[in-house]
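Just the one chain here, the form predicted alone, laid out as structure tokens.
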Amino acid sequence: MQKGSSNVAREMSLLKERMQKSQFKSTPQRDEIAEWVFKTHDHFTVEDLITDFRGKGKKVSQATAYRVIQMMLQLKLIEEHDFGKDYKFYEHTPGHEHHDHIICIDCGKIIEFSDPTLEALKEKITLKNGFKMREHHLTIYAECTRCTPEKRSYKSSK
């Protein structure tokens, strides 16, 4: 799950460069939060970040965590995902190729995938309709094979 420290150092350098260009000030807490984000290779919530910090005896307010996440979104260092929950998921983008997601509607399992044929089809559909694709997010909601039929029946009857 953890990348090598050289990649995190490279990503932190990119953060500093973009912060300077956008006139954001660097602070030790911003740096610490950003480093945590770059070391995290799963989709995460702001609550995950706060819980991890507090579990290690580090103070971080919810407001500070959200401000740093918003700054990183603005600097295009992370992406925000709405996976049909009451909260957003995030993932960092430097060093990661574009990918799409499949989400299990029962257990919440998230799978990342990339398919060149699907990418070409999305581009073709976009052009056919008079658009030039700049970015996109594809999320497929499905039932994973790990979830039992009983669980599915229970969930769908709610």
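All figures in this text were calculated on a predicted structure; none of them were measured in a lab. So that there is no doubt, residue numbering starts at 1 and follows the sequence shown.
Not on display, but discussed next: the form predicted together with a further copy of the same chain.
J.: So in the predicted bound form, are Cys104, Thr139 and Thr145 all sitting within 4.5 Å of a further copy of the same chain, heavy atoms only?
T.: Affirmative, all three are within 4.5 Å.
J.: Using a 4.5 Å heavy atom cut-off, which stretch among 61-69, 47-55, 126-134, 34-42 contacts a further copy of the same chain in the predicted bound form?
T.: Among the candidates, contact is made by 126-134.
J.: Mark Arg30 yes when one of its heavy atoms lies within 4.5 Å of a heavy atom of a further copy of the same chain in the predicted bound form, and no otherwise.
T.: No, Arg30 stays farther than 4.5 Å from a further copy of the same chain in the predicted bound form.
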